[in-house]
Structures are given as structure tokens and as C-alpha cells.
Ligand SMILES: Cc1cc2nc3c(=O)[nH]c(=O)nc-3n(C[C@H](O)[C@H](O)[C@H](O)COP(=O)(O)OP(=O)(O)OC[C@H]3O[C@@H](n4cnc5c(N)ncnc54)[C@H](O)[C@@H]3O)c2cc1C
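Consider the single chain below, provided in C-alpha cells and representing the form predicted alone.
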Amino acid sequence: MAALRQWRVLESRLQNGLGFLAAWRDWKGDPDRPQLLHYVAVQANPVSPAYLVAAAAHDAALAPLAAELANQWFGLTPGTHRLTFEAGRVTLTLHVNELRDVLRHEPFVVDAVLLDERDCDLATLKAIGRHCRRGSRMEMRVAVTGAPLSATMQRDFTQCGFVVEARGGVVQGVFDPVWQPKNPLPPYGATPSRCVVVGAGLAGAAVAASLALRGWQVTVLDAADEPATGGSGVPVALLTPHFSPDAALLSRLARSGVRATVLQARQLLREGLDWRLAGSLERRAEPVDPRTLAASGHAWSRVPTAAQIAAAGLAGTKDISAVWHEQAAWIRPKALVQAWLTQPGIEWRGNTRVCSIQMEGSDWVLRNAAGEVARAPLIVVAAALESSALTGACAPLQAVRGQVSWGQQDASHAFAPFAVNGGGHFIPAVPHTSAIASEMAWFTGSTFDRDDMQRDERASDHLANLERLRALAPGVAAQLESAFAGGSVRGWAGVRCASSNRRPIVSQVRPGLWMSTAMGSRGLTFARLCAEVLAAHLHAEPLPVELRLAESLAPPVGGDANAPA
């Protein structure tokens, strides 16, 4: 593994997780380990967290790793889930699906295969071969130790390009077909070198961190004098799953994005000062069928308890319909941006506006009125509404202005310890500054004004936020009427960049020129996920979501390939 930047493993059945835990242990103990370990596993019916812990309890080296795995082992609904460890250098991509479906639909190439004896039929072996490079290793444990391979099994392995032999209770082999494999994916994708990211909000900082993790030297440029001055500059924002009864694309993407961001917050931010996982109660306009909540996974969303409804000040509200989101958190976006930009391999340069991007030789060259400002073979534009103009893309971007109202929270306020959202939001108990935990503030909003680019604070928007709060949480609004009337409420206004379908855009406009934008009001949800999708495409890695979901983030945006961006 020493000569490889990444080592990628496929396990056909994760079962008790010991295969992944052993690979993780071996990676940790290898002084010449590759930079990243990608482990792809399939399990149609995941076991419980307790089962994972019990399976590894006998091994002192595996037991603490199993505990870390169990902490992330929640909400494993059908689909693809990305779990990360060791500051992102070890990833487990778990497909809760049937093996053949995963092999048929998901694009990835692996360096090693751990095969269950039940998965060695001819059709499955052929499908596995399409995910191997020449030289990929294979190992399969057999039920009868020392038993030779049957003639049928030997023939099937050979027919599918595997050269194998039985050793004790293990069949070992290598993928070395006599024909030239036609896997459409390159074995390792792009070689990390220099990259320039335009834009230092959530989208740009997330891309920079994901690429730096993979060995790129990243320069982040922004016209402002500090990071996160656009839509990402909101003082605090709510990270919450999106629930829809039909498990729509947006809901599935949002769950993946929330998981990714929560893991980053735990790794990089100070809990209680920069973020807190407190849950949220979402009010719904339509009745919610508890069966649809069960299908989405109780670890994500469920019917709220009577105590939660009462704490939100909604006890006695007629015909209330609500959903409790367990994995909801408030986060200071600017703190997350700053944490990403301070990762090794990233240089931040402010006061640097980019006006044009043109290909010259093997590099893209970025210029402004003063001349050239940077050049690199890879450019990622995460410049919100300016992304289309800079890349020459035809992306359906729209400006949406929003104003948040906030004020000081004191002992006289009887607020729930969690957020309430739905047609707006109310976030209580946020430290007034990121350095003082004892002084609290509340936040509510936001207005939603399409095609409005102004960032001035407006008294009319404070009144609109109060009216929205009256509908969302009447008991809370009653406690804040005097603050709004007395003029002590403060505000923040910014302009977000959204797409027509409410999904973000992460797409290659031309070779070496990418865009990541249109996060809308869900920058916290989608920034890290989009960055990891982009990095996976670049490096032929396993995707963090199903291919169908990743493709939904990449609408056709290419312009004239011969025109300057």
C-alpha cells in the first residue's frame, strides 16, 4: 500500500463489521500507510450498534474502534451512507442494499475485495470484476477449512479474470484477466497538484478542505477582506434534515449532508460555543403519517413527544402537526468556514477579486483588472451568483435575500432548549459570542425575497419575522413582543444563491473547471457533501451518496468549450 495515495476495499457483506475494523486497525499500524483508506461495504439489513461493539469486545485493538463505529451507526435507511474516521482519512461507505444492485449501479474501482462465500456465483463475480483494476486482490473465507476449490468455483473465478488458490480456510487471488479490462473509470483519477478555489464561503471552504485532505495545494481567493462575508456570514443557522413523506431526492440528500456536517462539527468546532446538537421540532402544515416517519428512520425524524410539544410552547394548540428531528443542530457558519480554511495545504487570500478565467497551456489563468492573480490546472468556482459568469456556465441561479432578527436572551425567557422550525425558525440559547457561553441570544427568521440583492437591515423585515414567529411559536412570540416593539432587536441581512429546483449544483463545466454553488438556505447541509462528491469524481473514489443522487446535483451547465470563461 505504501506507493498508493489511497487504498480501496470492497466487502460484499459487512455483517458484524470486523472486516472493516481490522482494515482500519491495520491502516493505523502501518507506518507506510496510504493517505486515505476507502472501505466500501454492503449490508442489506444492518445489525445494531450493540452487536458491533459485542463482536469486537474480545480484541483490545478493535474494541475502541468498534465504539467509534457504533457512535456513527444510526439512521441507516436504504441507500448509501458515508461514515468517516481519523479526521476524514478513513471512510466507510455503507450501501444498505443488495450486492448486485450496488455493483450494477454504483461506479467505483477497488484495490481489494473481501468476498463472502455466498457471493461467488458467476454473475456476481463478473460484476465484481468490473469494479477491479488489474492487480486487485481478492480474499474469501470458506466454511470448510482445507477443502479444495470445487471445479465449478475454480472455473467461475478463472472465467471472471481472477487467479486464485485455496490456503487453509481462505481463498486468495488476484484480478489478472487474459483480456484487457474495460472499466470506464480510471484506477485513481486526478493526481493532486495545485488548485484555486474562488469564493470563501461555506461552499468554497468545504471544497478547499476536501481537496487539501487528498494532497492538493489549495489557494482560496475572495474579493472580501475576510472569509464568510456573503450568505455564509449569518451569525447562526439551523442544520436540520428535510422530511418528505415520499423520501424525495431532497430529503435523501439532506440526510447525507446533515450526517457529513455533524461529523465535521464534532471534529473541528467547540460544542456549546460554535455549535450544539440539540434537535429541532418542525411544525408541518399537513398531517404526518407516523408510518412514513418510521420509514425515514427514527434516528432522523419521528413524532415528537408531548413533553417536546409542551416545551416548545405548543401544548393545547389545536390540530398541531409536527416532526421531531433528532439530528438537528445550530452552527455558526463562519466558525466552520474558518476551521476548514485553516487545514494544512490551504492558503487564503482576501481582497482578490477574479474577473475572468481562461485556459492557457495546461493551466487555467485567473485575472482581474490589475492582471493575473493565480493559475492552476484545477479551478473550483464557489462564488455564489457570480459562478455562472466566471465559468461561462448556463446555470439557473437566483438571488434570495434574507433577514434574521435576534436579541439577548435572559432569565425571564422560558424557551425550549431546542429550535422550532417550519415556515421560518426560532433558535434559542446561542452564546452571544463564540467566546462567552454564559451570555445567550435568540435568533428568528428568515425573510425570503427573490431577486433582491440589497443587504440593508429593514424594520419591515423585523415585523415580518415577528409575524412569522407568531404563527410558528405563539408562546415564544408573546415573550418577545416588547423587544420588537422597543427597538432592541438587531438584524443581519444577506443574499443567498439558489437554484430553481432547490438543490445545490456541483458540476464540471469544462475539464479542470468546476463549480459548486446554489446552496440556498441549506449551505450548512450541502457544502461538505458537495465537496466530497466533487472530490470523489476527481479521484475516481466511491461516491458518498448513490450515483442517482450525485447526478441530480449536476444539471447540464456547460457553455461554449472554445470560449473563455
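Don't overthink the numbering: it's just position in the shown sequence, from 1. Remember, predicted model here, so these are calculated numbers, not experimental data.
Same protein, other form: the form predicted together with the named molecule, not shown, and the subject of what follows.
- Interface residue among Ser251, Gln72, Thr352, Gln409, judged by heavy atoms within 4.5 Å of the named molecule in the model of the complex: Thr352.
- For the residues Ala384, Val430, Val218, Leu103, the 4.5 Å heavy atom test against the named molecule in the model of the complex is passed only by Ala384.
- Picking from 467 to 475, 93 to 101, 230 to 238, 126 to 134 the stretch near the named molecule in the model of the complex, with a 4.5 Å limit on heavy atoms, gives 230 to 238.
- Contact check for Gly201, Gln403 and Ser446: all three have a heavy atom within 4.5 Å of the named molecule in the model of the complex.
- By the criterion of a heavy atom within 4.5 Å, Leu524 is counted among the residues contacting the named molecule in the model of the complex.
- Within 4.5 Å of some heavy atom of the named molecule in the model of the complex lies at least one heavy atom of Gly494.
- Taking the partner from elsewhere, Arg332 is found to have every heavy atom lying beyond 4.5 Å of the named molecule in the model of the complex.
- Proximity of Gly520 to the named molecule in the model of the complex: non-hydrogen atoms within 4.5 Å are present.
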